[in-house]
Structure formats: structure tokens, C-alpha cells
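The chain below stands alone and is given as C-alpha cells, in the form predicted alone.
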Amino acid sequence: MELDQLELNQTLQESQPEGKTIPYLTALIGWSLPAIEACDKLNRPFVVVGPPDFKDYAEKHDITFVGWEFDRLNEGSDKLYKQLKALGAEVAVPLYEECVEWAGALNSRFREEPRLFNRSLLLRDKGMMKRKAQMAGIKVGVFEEARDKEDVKRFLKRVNDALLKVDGDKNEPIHCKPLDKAGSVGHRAIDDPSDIDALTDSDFPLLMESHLDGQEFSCEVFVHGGKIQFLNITEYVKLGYSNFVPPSPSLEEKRPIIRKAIEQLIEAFEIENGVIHPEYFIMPDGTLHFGEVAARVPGGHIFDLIERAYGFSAYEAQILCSDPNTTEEELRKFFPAEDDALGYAGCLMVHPHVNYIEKLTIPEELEEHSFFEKHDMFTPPQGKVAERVGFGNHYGTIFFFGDDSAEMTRLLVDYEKYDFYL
């Protein structure tokens, strides 16, 4: 049955046979086979709310499914809550960026806490996010919102004037990002006024930020009851290309100040349950600058790396932490100690260095290295390399596991330059 066939006044009682107990369902918002498998392994009944294109697959595999277009708001959007409530859903878990505010809206209704929706909007709008962080005393770079190209030109000039640049000096870049896109989608670094001409009307409004030096890293924080249950730190070797878990000793020793920064973020953003994925820059003097934070499954295969390094499913962890009714005992049994990693798990996301691919080459020395585990690289049938969007569209991933962070870093740096596709 399609959502628009449901009557708005449908009630929980009308949708169930008399005397039948309605299950406590977890609503997975988005489509992710690992998340579906995680719910099944946890023996938690679930319903998937995903793009309508997945309906046939869901029916074939007996997955309870509701088709929904996440990029479209309409007067009938309340029907989604009504249908999920009728099925017995009590908690919504966002899997992707576009699903965060939908999960927030649903959870605010399930729990009768209107502020949950407002908090989800805070995690979606980068401008609002930066202002909230700044008001809470969290260090951020200089930022403004732009409505047109003239705003960008003025911001580039003001930033470089403040850095005391003179004629002939190379400009420090500014970063322009969409206000509500995931990760690096639409991200541009601009250091020359002529670069601004490449922006189109569809790029606005956008967020402008000053450039931050220092080492960038992310955290994957599993939160329940407003408290950190497990803090993973992911070291970026090259943003959009390579990362590994846990971090090298030099970054790991900063865990106490990183934990303190995360606790400040959780308090400032009033985060109660779920997973957050903040990114920070650590400066040479050890201070932290906040980049941004998401509230969904991170990119870069980080959940896979967490499972390889620590031995637990991050998808299961997200589901457990998203549910306010999960007990402390369940969480204690589930999470290992943060210093109890089995080794370093890393991955390299491979991007072709050519515009047209004729063949795939895998060096023998890579496959024979003790850290190499597997790869899923492929040669596209059409041969032409797709236009890159942000840091997406990689043509396969190489996964590594070993006991030495320095060797892990070396491998990721060396093979990032290798021509796998010719």
C-alpha cells in the first residue's frame, strides 16, 4: 500500500487486529544492507524506510518496507509517522545525511519531545551548526554565509586582509560548502577571485570558511543518555582517499583532550542518543578546532574499519545507542575498552588518474604484503571515468590490517599515487 492511500485519521487501533500485540520496531531511515543485517543479528524487529526503488528487493527478501522520497516535503509527510506508528515503530535511526531530519522529526513524535527535531536541523545546516558551536565557546574558524558571488569575493578579501597579505602574496584559500550536503560534496577551495566565476546560482546559498591548518581527523562517537559509550578516533592520511583506525600513537596520546572536546560538543548540541561523526583539526600547539559534525553513518568505510580493529559491529552499536530503552548492562557487554584494538585497520579509496580506463593492474608486491587483506576494485564496462562529486565516485577500495601505524601510513601514501587504472 502506498503512503498516499492511507487516511490521515488512521489510528494505531484501526491498523491492528483486536488483541494483537504491536511489536517494538526500529525504523531504519535510509537503505543499508549492513544496518539491516545488524538489526537482524540483534533480534530487533525493524522496518526500513527507503527510496521506492528498493521496494521489489525488500519484498523479495521479506523485509518490512515503506517507500519514501526523502528530498520532498509535502502536506502528507505526517502520513509517514502515522504508518510507522501503526506498525509499532518506536525509534528511528538515520543512516544517511538526507535522512537525519526525517529521523529527528519521527523521534520527536515517537518520544513526544519536539526539541529532537530542532536538534536534527542543527546537525544538517552547517551555518547554524557553526553558530551554535561558537556560542558554546567551541573553537571554529571564521565563517559566513554567502547568497551570491559578491559575498564570496568580499569574504576572500576580508580574510586575507586580516592575515596582512600585501600585493604579490598568494592568497590563503577559503572553503565554500553547501549548507546541507554530506561530507565533501560540493566543497570548493578558492584562493583566487577568478575561481569564484565557476560558481553558479545553484551553488547558493553556501557556507564560507577560513582555512584551518593542522592535522584533520574524525571521531565516531556512540552516545547514550548523553554520555560517551565508545569514542573511536579515525586518522586521515589524505582526506577523501585514506584513513585508518585506531590512530597512530602521536594522535592517540591526545585522546584525553579529544574526549573533553567531544563532551563539550555533546553538551552544547544537547545530544542524547545515537552516533555522531565530528571532524576536528589539531594544531601544532595541541589545540583543537571544530570542523563540523554529522549524525549518521560516516563515509570512508569507517564503520568497517572499526569492526576490523575492535571486533564489534558499529552498525549494531548505532542501533543500540539510538534506542533510549537500551540498558546500561547491554551497552557494557557490547563495547570493548577503547585501548583494546586488535590492530590497525586502514583503507585506500582508489581514484583513477586517467579519464578513460582500458585495464586494471594490481601490483604483485601489494597482494603479497602482510598488511593487505582484500580489494574490490573493478573496471567499469563503459571505460569512461565518471565525473567526481566531492570525494565520492572512487573505483574500489583496498583494505589493510596490521600492527604498525607507521607502515600503515606508508602503504596508504605510496599506493595513493599508484596507477591502478590505465
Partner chain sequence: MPSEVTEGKIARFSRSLSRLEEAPSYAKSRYQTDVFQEANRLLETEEGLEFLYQYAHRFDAAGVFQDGPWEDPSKLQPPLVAGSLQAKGLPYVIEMLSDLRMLAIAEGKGEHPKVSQEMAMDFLNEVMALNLDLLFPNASEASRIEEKENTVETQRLFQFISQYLSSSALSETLIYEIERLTAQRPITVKRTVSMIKMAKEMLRSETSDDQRAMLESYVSSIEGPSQLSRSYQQANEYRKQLMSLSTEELRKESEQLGLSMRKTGLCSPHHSVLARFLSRKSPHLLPVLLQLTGKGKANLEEHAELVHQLIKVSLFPSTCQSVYGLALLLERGVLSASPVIPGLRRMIELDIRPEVRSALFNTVSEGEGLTANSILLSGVISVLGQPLGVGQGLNPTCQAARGISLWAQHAPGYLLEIIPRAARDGDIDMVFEGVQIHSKDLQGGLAPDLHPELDPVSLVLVPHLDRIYSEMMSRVALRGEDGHRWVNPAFYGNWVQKGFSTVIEPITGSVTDYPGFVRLFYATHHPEYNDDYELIYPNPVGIFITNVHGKMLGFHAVSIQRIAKSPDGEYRVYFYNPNNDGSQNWGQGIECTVMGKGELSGESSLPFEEFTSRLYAFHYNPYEQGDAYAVEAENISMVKSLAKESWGHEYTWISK
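These figures come from a predicted structure and were not determined experimentally. Residue numbers count along the first chain shown, from 1.
What comes next is about the form predicted in complex with its partner chain, which does not appear here.
Chemist: Among the candidate residues Glu365, Asp53, Asp376, Glu69, which is the single one with a non-hydrogen atom no more than 4.5 Å from its partner chain in the predicted complex?
Modeler: Exactly one residue meets the criterion: Asp376.
Chemist: Answer with yes or no whether Val354 is in contact with its partner chain in the predicted complex, where contact means some heavy atom within 4.5 Å.
Modeler: Val354: no, not in contact with its partner chain in the predicted complex.
Chemist: Decide whether Phe372 counts as a contact residue for its partner chain in the predicted complex under a heavy atom distance cut-off of 4.5 Å.
Modeler: Yes, contact at 4.5 Å.
Chemist: Using 4.5 Å between non-hydrogen atoms, is Asp304 touching its partner chain in the predicted complex?
Modeler: Yes, contact at 4.5 Å.
Chemist: With heavy atoms only and a cut-off of 4.5 Å, decide whether Pro45 touches its partner chain in the predicted complex.
Modeler: Close contact is absent here: in the predicted complex, Pro45 is far from its partner chain, nothing within 4.5 Å, heavy atoms only.
Chemist: For this chain shown on its own, do Leu33, Glu37 and Ile63 all sit within 4.5 Å of its partner chain in the predicted complex, going by heavy atoms?
Modeler: Every listed residue reaches its partner chain in the predicted complex, so yes.
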